[in-house]
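Given next, in structure tokens, is a single chain: the form predicted on its own.
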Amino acid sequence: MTNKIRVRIAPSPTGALHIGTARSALFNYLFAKKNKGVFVLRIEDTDLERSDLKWVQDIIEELKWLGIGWQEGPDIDGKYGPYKQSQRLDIYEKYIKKLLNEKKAYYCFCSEDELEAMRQEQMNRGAAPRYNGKCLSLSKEKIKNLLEKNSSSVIRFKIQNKKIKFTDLIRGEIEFDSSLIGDIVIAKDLNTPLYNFAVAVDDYEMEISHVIRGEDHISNTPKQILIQEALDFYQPIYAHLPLILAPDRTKLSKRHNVVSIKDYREQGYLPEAMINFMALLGWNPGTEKEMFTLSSLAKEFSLEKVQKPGAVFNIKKLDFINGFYIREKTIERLTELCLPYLILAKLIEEYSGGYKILETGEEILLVTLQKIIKAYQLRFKKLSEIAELTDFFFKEKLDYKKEILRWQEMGDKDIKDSLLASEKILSKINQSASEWNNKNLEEELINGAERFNIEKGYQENNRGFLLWPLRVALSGKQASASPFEIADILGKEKTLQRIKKALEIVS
């Protein structure tokens, strides 16, 4: 074993990258960074029926999107490769044969029916279900004969009955009674190793110093330690992370929320927000600080500050963090990130000269799109929300009910008077950039709102009597950006057209 810190993440490519696996990858990455160590990506794809190359690519792409890099892996190779288990079968075969030759493993030919009957009999006696060692004493001749007949079989590892103790960096000393485990299956045959065996071999061959993984693997650790001892391997240092729990404190699954990084990415969560959020799932910096970049995490992270209890997934917290990073973006970069969602919603389309509104075919300048995004930068929590929030900018006609034009107890005539007052104010403002802009529109409309309240006998400082009907007329929504921002973006002609349409709705 090298003195250098070497850690790994070893996902199975049987589905999209799970947030729990990504969190484990992050903690391994941070631990390696903090200790000037090496972070390894290893693909555990021995389950050929469920493994798929597309999920290998998904794992690589999503980890890279998060900014989690590795020094050794299937895409860049390294001294200890190959880094896919399916390419390491000759290595596993060597160690399986060693265990068989040393009588530390043996062939088992028991059928599923026999194993089930064995389990039922033990449970009826109140004993822990475990293999009873029936095939342990088979002669070499008997085994040879059965193998030559292609009899169904597996390879079992002979468990030594003993107390197994190991020190977990997060949970302290952990003890298991191996007599409760029974002889475990380590391979289907010489070329098909199973999880616990392959992991033990790989961690040794790749000189992994620390195994940092979820607490759902704690029960696997004694099995792997026994295999390590049988093969004269060193024992890596273990640290088992708390599970990520749903709000009801059950294990997080698809029934609670989306669980893959790809899903969060498609919803419009930013990689820096996901990193920040995942770091706080089980790790406590010991301060009130909540916002961390990947580089700052690498400086502050330590396993000593990882908690034992499960980490509850709070989507509101993720939305809050994502909103923070959205607000931190330059408007140019944020617009670039939002454009795919506007295109996906069929509001705009891209062509060689720029962008155009899909409904009307009208060209829309990038600077206008930036103004639209800027108007909502403080208002949305994930990128996918931008289309629903801003769709009215890209529509010819708005569809809304008269009732949402109403501010407080205003009657239809009051709404009409309000819209006519806004129309009069805005008609007098020149379309030129020096006059028709957010700042000037705000000044003119607020002054107009105060005059309107005096004329109508409304509460003087309640600007909603003028501004609410105008804002709804321009957006068709109960909640939107301010009427000044919207009118600035729409321009004078479209603004007055929408006021006229609102007047028709009221009438």
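Predicted model only: the values in this text are computed from it and were never measured. Start at 1 with the first residue shown and count on from there.
Omitted from view is the form predicted together with a small molecule, to which the following refers.
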| item | value |
| --- | --- |
| In the predicted bound form, the one of 22, 489, 10, 499 near the small molecule [non-hydrogen atom within 4.5 angstroms] | 10 |
| Option touching the small molecule, based on a heavy atom within 4.5 Å in the predicted bound form, out of 217, 374, 188, 416 | 217 |
| Heavy atom of residue 199 within 4.5 Å of the small molecule in the predicted bound form | yes |
| Any non-hydrogen atom of residue 44 within 4.5 angstroms of the small molecule in the predicted bound form | yes |
| Distance check, residue 223 to the small molecule in the predicted bound form, heavy atom within 4.5 Å | no |
| Interface membership of residue 195, the small molecule in the predicted bound form, 4.5 Å heavy atom rule | yes |
| Residue stretch of 129 to 137, 403 to 411, 209 to 217, 101 to 109 approaching the small molecule in the predicted bound form, non-hydrogen atom distance within 4.5 Å | 209 to 217 |
